[in-house]
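Included below are structure tokens for two forms of one protein chain, each presented in isolation as structure 1 and structure 2.
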Structure 1
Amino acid sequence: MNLFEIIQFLIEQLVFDYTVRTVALGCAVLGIVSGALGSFAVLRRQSLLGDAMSHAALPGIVIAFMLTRSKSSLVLMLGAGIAGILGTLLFIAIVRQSRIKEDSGLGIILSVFFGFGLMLLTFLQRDPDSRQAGLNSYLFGQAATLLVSDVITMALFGGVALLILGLFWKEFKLLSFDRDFGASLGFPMQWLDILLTTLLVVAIVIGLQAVGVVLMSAMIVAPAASARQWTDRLSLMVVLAAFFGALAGMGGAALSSLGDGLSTGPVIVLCISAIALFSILFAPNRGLIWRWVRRGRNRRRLRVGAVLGDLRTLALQHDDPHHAHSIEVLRAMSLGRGGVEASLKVAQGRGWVTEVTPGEWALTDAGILETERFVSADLGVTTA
């Protein structure tokens, strides 16, 4: 199959296959919510918070099942949410009431809660009640088991979280960029911090069934990190992060349907990782490729300007500003810079220098003006 046939097949799967469409919609909801809320976690340099909270949700899932003996997604999501919020409050208390730093506090929450959850899972495996089967799928996710009711539940929780995000948009923006200024204005920054973290827990909880506690942190960080490469505006970043998350969710669901044994969760994470890699390399202004191109362009411009400056310096020693000089002299003056001949060719193409005789170069009238502009810019002088 060529690329066109693969794309056509994926579109047909999304449109006509009921199971793939249901999974894709659920993963798209996950991507939108986690991308939008993850933007604030990335901007506040709390990327590890998503990882810690997703791992902290595991014991909540197991305890919710132990208390209700139900594997309803709503029941398990509520248990995961309570555990995640409890982990958040405990993390805040550890950081504020002790000398432990934030990264250490997150590490403590992650390891303790996740270890407790694994212990409970091991205990349940010895239980003869077969209803506990499948709980370990929450470790890496099992998106193929999503039902329409699960997607509706995810959409309801995610919609409420996004609605609250919109209502407190200005406050959350103030919290993310200037917490002290917000406190001076009288805003309850600590409660806003708890509220925003709670919304992040909601985003994590609705994605546990699809992606799992181990991989969920990628859905929090990667879409936001990708969007950050493309813009400096918060509103546009949130929209782009939601779009990238939805694109990865739907693309991962479709790609995982191509072959047997492809788990949807890991494929989704690979898709968003590919988007992040592309953004890091090719995004304008911040992309590594464009940065290398700009640096190369600046180096060439500086070399050309240096050669023009050397010709100007030599010309000042003569009455004729168009006096020609040997390329060997220019090479001696630019010792350590190199690229004299290439710079002369560039300048010649722009009409700034001319080769009077083979190996003898002189400034043109346009070159003299360009040299004066270059020297003025180099000295920080503005000319009227």
Structure 2
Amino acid sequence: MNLFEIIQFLIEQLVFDYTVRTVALGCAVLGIVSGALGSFAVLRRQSLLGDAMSHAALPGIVIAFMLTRSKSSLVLMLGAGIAGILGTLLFIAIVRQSRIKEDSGLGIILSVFFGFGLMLLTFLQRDPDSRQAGLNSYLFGQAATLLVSDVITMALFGGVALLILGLFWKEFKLLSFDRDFGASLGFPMQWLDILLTTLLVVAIVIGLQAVGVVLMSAMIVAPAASARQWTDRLSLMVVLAAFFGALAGMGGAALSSLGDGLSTGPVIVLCISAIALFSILFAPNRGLIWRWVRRGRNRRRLRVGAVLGDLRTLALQHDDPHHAHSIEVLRAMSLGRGGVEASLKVAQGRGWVTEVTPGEWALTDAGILETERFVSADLGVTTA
């Protein structure tokens, strides 16, 4: 199969294959919710909290199964949510009550909860009850196990979370940008913080079945980080992040349906990572490529300006402002900045300098004007 046939096959599957369609829908829902709420987590510098929460959910999933012997996604999601919130509360308590800093606190929560969860999993594997078999898939996610009922549960929880996000939009923006100012206005910032953090737990829990506890934090961070590259508006950023999340979710679900037993989590995460990489490189303004281009352009302008300035300095030592000088002198004056010849060629192209005899350069009238302009414009460096 060539690439085109693969894409055609994937789209056909997405449209006509019942299982793939269900899975893709579920992954789209998780992408939308984690993208939207992840935007706030990233802006509030809570990306690591998301990671700790999703890892902390593992023991909750296992304990929920042990207590109920049910693998219904609602039960396991509740367990995951409770464990996630418990982990967060414990993290806050550690930071408040001890002198342990936030990053260490998150590390402690993540490793202790996750380790405990893994231990419970291995313990369960010795259980003759065969129903425990699927729990392992919560580590890296297995979207193929998503049923229509699971997708409906995810959509319901996610929908409510997004609705609350919309209702408290202005308050959440205040909380994320300037918490103290919000408090001075009389808003209960502590409660808003708890509410927004709870919504983040919901977003994480929704994705666990498909993406898994290990990689779920990527779905919180990457869509938001990608979206931030393309826009300077919060509302657009949230919408874009949701869109990127959905794109990666559906793409990952479709791709992982190609291989038998391929874990969905890593494939979805690879998709969103590709989107993030593309955004970081190519987004206008904030993208690295544009930054490099701008920096290179500035550097060339500076070099040309410096060479013109050197020519002027040399000419000032003579009565004739057009006095020609050897390129070797200019090279010595450039103090190893390099690119003297290239700069001269550029300036020659603009008609600022002229090569009087081979290797001997002089300013033209236009060049003298340009030099004045360049020097008075304070080197004319643009940073925008």
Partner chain sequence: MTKPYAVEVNDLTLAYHEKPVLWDIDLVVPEGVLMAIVGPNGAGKTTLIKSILGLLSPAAGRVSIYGKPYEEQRHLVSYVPQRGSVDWDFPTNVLDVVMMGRYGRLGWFRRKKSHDHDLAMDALRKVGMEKYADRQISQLSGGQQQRTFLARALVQDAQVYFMDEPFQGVDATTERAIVTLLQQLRSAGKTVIAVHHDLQTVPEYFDWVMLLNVRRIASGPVAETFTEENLRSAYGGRVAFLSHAANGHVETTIVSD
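For numbering, take structure 1's sequence and count from 1. C-alpha atoms forming the largest set that superposes within 1.5 Å between two forms make up the rigid core. Source: prediction; values computed, not measured.
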**Message:** Of these two forms of the chain, identify the one that is the form predicted together with its partner chain.
**Reply:** 2
**Request:** Since one rigid part pivots against the other between structures 1 and 2, find the hinge residue among Q142, T153, G182, I289.
**Result:** I289
**Request:** Measure the rotation of the smaller rigid part relative to the larger between structures 1 and 2 and give it in whole degrees.
**Result:** 15
**Message:** Can you give me the Cα shift for V356 between structures 1 and 2? Core-superposed, in angstrom, one decimal please.
**Reply:** 9.8
